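There is one chain below, alone, in structure tokens, taken in the form predicted on its own.
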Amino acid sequence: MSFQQTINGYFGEFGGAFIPELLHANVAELEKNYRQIMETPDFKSEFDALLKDYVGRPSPLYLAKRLSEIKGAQIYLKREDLNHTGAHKINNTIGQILLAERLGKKRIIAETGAGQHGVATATVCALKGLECIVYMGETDIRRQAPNVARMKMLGAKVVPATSGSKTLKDATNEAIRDWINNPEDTYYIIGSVVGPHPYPEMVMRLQSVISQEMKLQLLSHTGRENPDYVIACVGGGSNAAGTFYHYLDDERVKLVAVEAAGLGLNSGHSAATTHLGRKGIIHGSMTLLMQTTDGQIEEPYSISAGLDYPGIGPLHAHLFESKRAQFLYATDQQALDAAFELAKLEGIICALESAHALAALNQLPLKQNDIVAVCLSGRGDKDLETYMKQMESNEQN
């Protein structure tokens, strides 16, 4: 089986659609139509034009020379932070808003953690003149205030999730409840490769533009399409799915996924799902999930709002179980150190999510001639308050 496709909605033993009866019609409608719609010349033409003229694709592939010298390899950064709205999330929301439009949906809902998917959803809703409701954990609303302001300025209604840890998991719960109550006119734009089939496969395909461009850019830069390593951070895992996509079936390329270990892998304050989780169902799919012995979801923790999720997309669960990808983890402090290192060496302030991917560079046996592609999934504007606290702490010490 190719890693690039599902069989009956499953990547290996992970995936499926475990959903309430009220949502079966919506999910079946999407599954029946999404491939057919995405293959039409009309969809392809509009999607490609918006990626080029609205998002600003292709995003650059940048050789980070000073970082490369220190790490002892050729480090290329795929600059998704330079997209319109500041992250990879816009690739997916443009594709899904075009699907929603063609399915006749007028009301759009979404969940968000770091706020980048919320901003990207609010952006495409403004573009298409559709109603937009974004669910966001109360904790994340506080720590991602700039993105909340952006969403509201774009015309979205931001609804706080006040249960549980008040983060991404809880925002997703609220979005699903909304969808159950409004099945006919509402389209749910899921922001990652999670949720019931066909969402994980659909989001993966929409994000695959990242590795599609990367192959051409590497060929131009280095004379070869394939790097030795491809690295991306993983919460749900949409940027990693898109970054890995065109390399999934090529075992010459080492795939490295980096999870958030928070205050430490065994601290009780972590979000490193593959290291701490086991098989279970969350938000409509069978996957790996952090859970207690009696099957209750463990509360995840990460300094990064976008990685603060107790599960992982079914594709990534399959990549982990099959050992096709190597899953590493980075603590809050390792991510912070990587973010400041990049800023001082290359003049790039990245998102905390992306900083976890960069932290993996210290954990790999890199050689001088190795070509390493790292997905810089988002920019760091939204995390400046956290970075400022770290600088204050450093000054006091």
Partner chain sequence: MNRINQLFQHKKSGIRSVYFTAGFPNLNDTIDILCTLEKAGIDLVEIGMPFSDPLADGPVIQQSSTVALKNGMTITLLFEQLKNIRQKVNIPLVLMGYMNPVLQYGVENFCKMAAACGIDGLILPDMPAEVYEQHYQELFQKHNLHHILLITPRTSDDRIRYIDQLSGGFLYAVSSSATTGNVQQNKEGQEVYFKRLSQLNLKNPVLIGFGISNKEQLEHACQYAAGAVIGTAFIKQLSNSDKELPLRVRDFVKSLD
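Positions refer to the first chain, counted from 1. Note that this is a predicted model, so its numbers are computed, not measured.
This next part talks about the form predicted together with its partner chain, which is not shown.
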{"query": "Sole residue of 139, 85, 217, 291 within 4.5 Å of its partner chain in the model of the complex, by heavy atom", "finding": "291"}
{"query": "Answer option from 255, 176, 100, 276, heavy atom within 4.5 Å of its partner chain in the model of the complex", "finding": "176"}
{"query": "Location of its partner chain contact in the model of the complex, chosen stretch of 281-289, 228-236, 153-161, 91-99 [non-hydrogen atom, 4.5 Å]", "finding": "281-289"}
{"query": "Every residue of 20, 24 and 181 near its partner chain in the model of the complex, heavy atom within 4.5 Å", "finding": "yes"}
{"query": "Residue contact check: residue 129 to its partner chain in the model of the complex, 4.5 Å heavy atom", "finding": "no"}
{"query": "Partner proximity in the model of the complex: residue 297 to its partner chain, non-hydrogen atom cutoff 4.5 Å", "finding": "yes"}
